[in-house]
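The chain that follows stands alone, in the form predicted on its own, written as structure tokens.
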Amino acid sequence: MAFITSFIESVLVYTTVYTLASLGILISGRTGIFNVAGEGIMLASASAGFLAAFLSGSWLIGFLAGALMGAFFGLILAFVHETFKVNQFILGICLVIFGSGLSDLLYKLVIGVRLSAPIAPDTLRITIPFLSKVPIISGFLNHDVIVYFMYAATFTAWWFFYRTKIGLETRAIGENPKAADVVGINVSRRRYLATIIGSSLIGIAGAYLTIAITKTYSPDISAGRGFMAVGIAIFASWKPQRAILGGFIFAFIEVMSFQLQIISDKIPYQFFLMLPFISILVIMVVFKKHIEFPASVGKPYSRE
């Protein structure tokens, strides 16, 4: 029971990373902007968030810095696309490369070379009385505040898109921006807001890697999880309630691969590192008939 509880706790930690990143991608995708720059945003935010947390001694400031860095990337993405109509995928790849270089540059400029790695301050943990001591159930509840934030962000995104007028209008932009424009919805403004908010969530996911999981920064710390989040958003058909399910599935596979590396000494560990990426390809093939896209995702819109 103790092992199962510990395993679930580990899965929920990585579920937080995947879910927040995929939520950020699907929020902007609902307005038609396909944010494939998640990997670069996570890397830059991981570095900025860790540095802010380490220098200030506050985990909260660290996550705010990560969110701001993500919002900065989202602003760049929205501005360049909406102003110059640059292809979203090419722009996203450029931002991935930019974020990868910026993350290492920031760390080296501020920290430099040290004999011992700097450590981030502890993130606030929230324990629910009684339930936090129940085996298995405690694996879902005995966590730091960002895990609970992930729960709240998922519910809020679902409620916004499916239970509010503004949310329905936002979804309409992703399906038919011209029709939304005709009825008086400011398409460009909504795309800016969605991309900036979504990118800030990706930034929090990146900061979570360095502040809460590893508690220090290392190059390429996101290890492809930003690209995995794109696959999860597609698997989720741009629905928040399915994004958290996809995040849990791929987090389970990743944690399982860690366990297999420990118990198996005959299979090269690189094979287990491949498992999450192989699994997402398999799942995409299996569920391809159930995957839906907003009609205008990836397409620029100009008022005529």
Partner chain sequence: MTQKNKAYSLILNNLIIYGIAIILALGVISIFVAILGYNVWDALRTLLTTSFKSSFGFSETIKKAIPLLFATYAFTIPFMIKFFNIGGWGQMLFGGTMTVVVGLTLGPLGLPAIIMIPLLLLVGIVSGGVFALVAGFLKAKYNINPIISTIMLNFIAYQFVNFIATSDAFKDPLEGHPITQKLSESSLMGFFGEIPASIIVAFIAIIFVYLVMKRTRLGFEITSVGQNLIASQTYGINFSKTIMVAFFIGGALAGIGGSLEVINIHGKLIEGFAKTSGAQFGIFGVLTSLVVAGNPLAVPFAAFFMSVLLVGADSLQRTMQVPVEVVFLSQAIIVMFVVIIREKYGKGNK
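Small disclaimer: the values here were computed from a predicted structure and weren't measured. Numbering follows the first chain given and starts at 1. Note that the rigid core is defined as the largest set of C-alphas that superpose within 1.5 Å between two forms.
The same protein has a further form, the form predicted in complex with the partner chain, not shown here; the description that follows concerns it.
**Q** Just to confirm, Pro121 within 4.5 Å of the partner chain in the model of the complex by heavy atoms?
**A** Flag for Pro121 set to no.
**Q** Is Phe130 near the partner chain? Define near as a heavy atom within 4.5 Å, in the model of the complex.
**A** No, Phe130 stays farther than 4.5 Å from the partner chain in the model of the complex.
**Q** Does Met274 make contact with the partner chain in the model of the complex, using a 4.5 Å heavy atom cut-off?
**A** Although the partner chain is absent here, Met274 would touch it in the model of the complex, with heavy atoms inside 4.5 Å.
**Q** How about Leu55: is it within 4.5 Å of the partner chain in the model of the complex, going by heavy atoms?
**A** Outside the cut-off, so no.
**Q** Under a 4.5 angstroms heavy atom criterion, identify the one residue in Leu105, Ile136, Leu75, Ile126 near the partner chain in the model of the complex.
**A** Checking each option against the partner chain in the model of the complex, the one that comes within 4.5 Å is Leu105.
**Q** Quick one: name the residues from 80-99 with any non-hydrogen atom within 4.5 angstroms of the partner chain in the model of the complex.
**A** Read in sequence order, the residues that approach the partner chain (within 4.5 Å, in the model of the complex) are Val80, Phe84, Lys85, Val86, Asn87, Phe89, Ile90, Leu91, Ile93, Cys94, Leu95, Ile97, Phe98.
**Q** If the two forms are fitted on the core, does Val11 show a Cα displacement reaching 2 angstroms between this form and the one not shown?
**A** After core superposition, the displacement of the Val11 C-alpha between this form and the one not shown stays below 2 Å, so no.
**Q** Look at Ala295 and decide if its Cα position differs by 2 Å or more between this form and the one not shown after superposing on the rigid core.
**A** No, because once the rigid core is superposed, the C-alpha of Ala295 moves less than 2 Å between this form and the one not shown.
**Q** Taking 2 Å as the cut-off, check whether the CA of Gly29 shifts that much or more between this form and the one not shown after a rigid core fit.
**A** No, the C-alpha position differs by under 2 Å between this form and the one not shown.
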